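Only one chain is given next, in structure tokens, and it is the form predicted on its own.
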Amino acid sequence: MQGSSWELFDRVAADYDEVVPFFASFGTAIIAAIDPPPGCAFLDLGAGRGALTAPALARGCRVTAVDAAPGMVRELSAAFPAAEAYTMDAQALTFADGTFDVVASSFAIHILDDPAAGVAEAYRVLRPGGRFAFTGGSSRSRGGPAVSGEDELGVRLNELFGEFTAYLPPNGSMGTPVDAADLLDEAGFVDLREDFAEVAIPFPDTGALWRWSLTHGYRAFIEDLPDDRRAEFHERVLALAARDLVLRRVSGVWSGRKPSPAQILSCQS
């Protein structure tokens, strides 16, 4: 899919996370892993409809949320009026240096046009000692927990996407693989830490699974398939069989701390 990903997310904003609460459930698990303190100035970067905003507000954080898709910001603002929400490019934030205590991003960094720029901006707007956390994997991973229970549905869905990847045009779908730890290192973060977030999302039937696939980033993959392959992919999703229709996912949550000026000088000496 050519162009910035925000255009797709603007189109799906009204339906995003409405079929099942996939990202909201992940957001709760991610905030539990990050454990931001009450009263902290918290930035939800690439906020969508507020998967991180909701549990951060519930913990007493002072939340600012930004997303490049105006539709997402409208939905978030309506649902969470206690948060300050702005339509903004995560790669070019308009906030002053050192504005926030915690910055977090859920399933957004890898779909930026320039992931390194987004991480660099998170570093800039953090106060010294502040922490940035985002979802992603790394070659440095110590290996996360296995999903709780058999993830038959997830395995079969992954296999289906893998099979149909061969039919995508060049630069099709959305997002690029990133190494989360490397991005944090390159931006200047220290005290890198890897946590994990897990969800188990039940679907009533495969029709709901298909509808859910059209409400987030998977839609870019589906729309970029040729017409005949898209129709076949639709049929194959509807025909998926598993002992249960529960999608189980585990995501790495990598974070790093912005060092104090004294620490930076110590490292440079």
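What you are looking at is a predicted structure, and each value in this text was computed from that prediction instead of being measured. Residue indices: 1-based, along the sequence shown.
Only in words, not in the display: the form predicted together with a small molecule, which the text now covers.
In the predicted complex, none of the heavy atoms of V102 sits within 4.5 Å of a heavy atom of the small molecule. Interface residue remark: A51 is counted as part of the site for the small molecule in the predicted complex, having a heavy atom within 4.5 Å. Of the heavy atoms in M88, some are within 4.5 Å of the small molecule in the predicted complex. The closest heavy atom approach of M72 to the small molecule in the predicted complex falls within 4.5 Å. Each of F23, D67 and S106 is positioned with at least one heavy atom within 4.5 Å of the small molecule in the predicted complex. Between the small molecule and the residues L184, I111, L153, V125, the one pair within 4.5 Å by heavy atoms in the predicted complex involves I111. In short, of 229-237, 54-62, 205-213, 39-47 it is 39-47 that has heavy atoms within 4.5 Å of the small molecule in the predicted complex.
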